[in-house]
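Below, in structure tokens: the form predicted alone, a single chain.
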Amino acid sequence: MNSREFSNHLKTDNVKINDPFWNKINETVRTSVIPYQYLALQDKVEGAEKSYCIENFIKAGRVAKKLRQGIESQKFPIDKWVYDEKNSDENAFHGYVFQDSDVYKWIEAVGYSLQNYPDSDLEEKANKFIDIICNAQLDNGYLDTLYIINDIDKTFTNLKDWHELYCFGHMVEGALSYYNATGNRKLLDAACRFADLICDTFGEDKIKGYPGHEIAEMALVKLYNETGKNEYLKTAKFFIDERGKRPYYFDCEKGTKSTAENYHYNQAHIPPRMQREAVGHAVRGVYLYSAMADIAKAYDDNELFNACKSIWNNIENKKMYITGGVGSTVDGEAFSFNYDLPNDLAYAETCASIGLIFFARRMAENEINSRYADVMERALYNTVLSGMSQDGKSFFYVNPLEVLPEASNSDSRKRHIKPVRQKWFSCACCPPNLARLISSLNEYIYTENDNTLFVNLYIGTELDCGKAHITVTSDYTESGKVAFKIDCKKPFTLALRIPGWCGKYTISEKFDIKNGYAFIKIRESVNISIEFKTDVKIIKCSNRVRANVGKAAVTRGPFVYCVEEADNGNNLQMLRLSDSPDFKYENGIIFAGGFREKEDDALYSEYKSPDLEECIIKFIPYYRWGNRGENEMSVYIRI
């Protein structure tokens, strides 16, 4: 069997989630996160940082109306990363240069939510936003509020920094989600007009530029898949192929001359086909790598796929936290050097783990290998879920593995580490990104090709496809038990992922293991039961990770656990796991035997064995930390 066997993900309308763990989270996103973000985008959340997002579209709509009437609009400088009332005119654009993208991600989340849970009131709210957005579009299809408000003559003159193509990418993804949910083409038609303008502007005999912040590439592939218009796919491939060529386009834009080191941040230092290591801004990186995997599949391009595979290996084996977090340094929100995974300085942006999930699914669609879904699951159940509070009204941008509130408040090196979730962010990429991923989770559970249905995530679902109608009842996160009721329509092969964390399992039917999946021939309707043994495990990392020498993490099933001050007192560094911890699991909590080292106030003294007191150490799932006020937290514990 050739392991590079293509598959496609099943779409939302084929898969309905009904799962004891995920139902509650989906309900929180639907009834709390999406409505809360609707208010935040309009600056109606008291005490939260301002978004300016909808305000900018309203301003841009006024300018667009003037331009259509032949009236010249006042111009403002385009020279900053972020604009506010203090540094710019009240009539100018406000917010970050990519502020438009927040509402597009919100609309995408709404679209997926409506596919799962029809809601006329929510649809009406989204339609009002879409009307405001489309009113701002220019006659030639261009739509970016920064340039429309401040200076339309400067469009496409700074691709490296000012995010026009990035905002376009999110516009497309939001438009597609909303169209598929409602049949309303208004935003999709606007996105296609903008896409047509981009295809007419960029190419071999046109502008040889490419996005500074990637996502347009992924979006154009999606738009091609929806419309069948080949120009969209060709332009996506052009952006990939042109990136990193010399002379650097970003130098040509500015009339400067740079070395490769200047463009690691943008993954534009060398052509993507030559890249073998994850570098630069982590979110940009995983968005690029996702698009590379898309193009590798669309063109059956082994050279490009091999580059993806090398980058994947580098992330999974040398640059990923045990929680599925990536991008370890605050300096550039970036991938650092190999094995540089500090706990208390970790950046691990929520968006980066979401992008890693995008990359993982696309790699799984290129090649049969359970490792991709293993990472998808790790990031999903840990870093992504950590990104929002249990009530859905506050969020983490950064997901550290160790927190000391005093350090966050006093040490400038750790100011990015927040001991409590925030109501909103002026740079608010993470909350709507999280909402759109969880709302579209249906599309990450299964992939299929002509002969085989692959089960990548064990989430309770009703699945209907050409092969079968399948009801999955899942207690995966608690007991590890999953049941499949298969009403067969035609013979096919069912491929069940064996989770990387699982050492022992039972499956009620005969199977063959290939590339981490258990393959079962389905010739008639059948019930299949599975049990994955969910033992508590102590996991160490490479001793090349300096922060964790002499420490380990505790896991159970897909979850990484942590200790919090609320359960274990302060000075968590004093805790030590026993050699025989006698783990006990109760309702999501793990109790373990251990010791607390007595405090020593002497700054220096001659070494002697420390005084230890026996104690019971309480562990909670990492994604649940920070829901009980400001307190210490640590994933790794001394052993």
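A residue's number is simply how far along the shown sequence it sits, counting from 1. These figures come from a predicted structure and were not determined experimentally.
The same protein also exists as the form predicted together with a further copy of the same chain; that form is not shown, yet it is the one meant from here on.
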Report the stretch among 454 to 462, 285 to 293, 174 to 182, 531 to 539 that approaches a further copy of the same chain in the model of the complex to within 4.5 Å, counting heavy atoms only. 531 to 539
If we test each of D119, D340, D475, D567 for a heavy atom within 4.5 Å of a further copy of the same chain in the model of the complex, the one that passes is D340
Using a 4.5 Å heavy atom cut-off, which residue among I215, L345, I107, I357 comes into contact with a further copy of the same chain in the model of the complex? L345
Classify S389 as contacting or not contacting a further copy of the same chain in the model of the complex by the rule of any non-hydrogen atom within 4.5 angstroms, answering yes or no. no
Answer yes if any heavy atom of S410 is within 4.5 Å of a heavy atom of a further copy of the same chain in the model of the complex; otherwise answer no. yes
Classify K318 as contacting or not contacting a further copy of the same chain in the model of the complex by the rule of any non-hydrogen atom within 4.5 angstroms, answering yes or no. yes
Is the gap between R62 and a further copy of the same chain in the model of the complex 4.5 Å or less for some heavy atom pair? no
Residues V330, E406 and R546 are flagged as a possible site; in the model of the complex, is every one of them within 4.5 Å of a further copy of the same chain by some non-hydrogen atom? yes
Partner contacts in the model of the complex for 575 to 595 (non-hydrogen atom within 4.5 angstroms of a further copy of the same chain): D579
